[in-house]
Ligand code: SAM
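Quick heads-up: it's one chain on its own, the form predicted alone, in structure tokens.
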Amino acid sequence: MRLLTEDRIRLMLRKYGVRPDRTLGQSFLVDPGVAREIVRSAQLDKETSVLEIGGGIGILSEMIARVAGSVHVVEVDSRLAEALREVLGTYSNVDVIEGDALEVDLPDVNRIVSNLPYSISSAITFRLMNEVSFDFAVLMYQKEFAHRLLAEPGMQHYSRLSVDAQYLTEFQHIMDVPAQMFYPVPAVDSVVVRMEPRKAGRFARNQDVFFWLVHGIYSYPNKQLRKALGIWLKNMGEDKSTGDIIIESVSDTLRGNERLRTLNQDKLITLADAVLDLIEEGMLGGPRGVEE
């Protein structure tokens, strides 16, 4: 099977009655050089099992199938799933799974290699982190989203997403991909990153409390820590002065006047462990199941 060209993509889309839907992030990679670099970065061989989310019409899928032991391609659009079965029909190592990647059962694999649909970038990324066992993933994202995944404390793009994602996984920039590498051309550029489950470094004593705290205070990302804690606690019906107690208990690490965008993972873990102490002492309610 020869590689898909832009002209062939146009013909196949017409054949299967597909009009690319921007709301679903349906822009198809047409540059084989980008696809080759993605596959090279995934370090595939015949012992490797691969999951691809959003196969489209298969330029990346076919390259993966040539070198991997087994490939599971998830595609929500029934017309594109039919196209994938045609494009990949000569490969006995490919399983096309027709369905929503947020709902279908996902197999445990060695690698995940995908040009992820931008419309579900956050939801599918966290599903992969939490539900699929894999060594590492090579994933393409919308540029701004990727910058948030890669952002370090103090950077403009550092946000709750950065904190959540980096608690679970480590990210590495692989390459930038201009919008012109897709058909139809999207409004934004893309970035390919490597994502690997985090095994080193500190972890909070209770992960649920860590995420509960982060989601609460990072609703106010431009606030100072003490102020954000106070607002969060008040909104939950707690005494906002409890925030002063929390900060006092970690005063060797935090003073309370730090901007949330500057707090690194270790400081947030320290803060979450202090919050857990108050929950265990009955001074603070917690997320469901923790305080019981």
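Just count from 1 along the sequence shown to find any residue number. Remember, predicted model here, so these are calculated numbers, not experimental data.
The form predicted in complex with this ligand exists for this protein as well; it is not shown, and the discussion that follows is about that form.
- With this ligand omitted here, the record of contacts in the model of the complex names 70-78 of 197-205, 156-164, 169-177, 70-78, defined by a heavy atom within 4.5 Å.
- This chain appears without its partner; in the model of the complex, the one residue of G89, P221, P107, G99 with a heavy atom within 4.5 Å of this ligand is G99.
- Put simply, of L233, L29, V39, L263 only one has a heavy atom within 4.5 Å of this ligand in the model of the complex, and it is L29.
- Mapping the unseen interface onto this chain, P117 counts among the residues with a heavy atom inside 4.5 Å of this ligand in the model of the complex.
- Contact between A65 and this ligand in the model of the complex is not found at the 4.5 Å heavy atom cutoff.
- The closest heavy atom approach of L225 to this ligand in the model of the complex falls outside 4.5 Å.
- Shown alone here, L254 lies farther than 4.5 Å from this ligand in the model of the complex, counting heavy atoms only.
- Residues of 184-210 placing a heavy atom within 4.5 Å of this ligand in the model of the complex: none.
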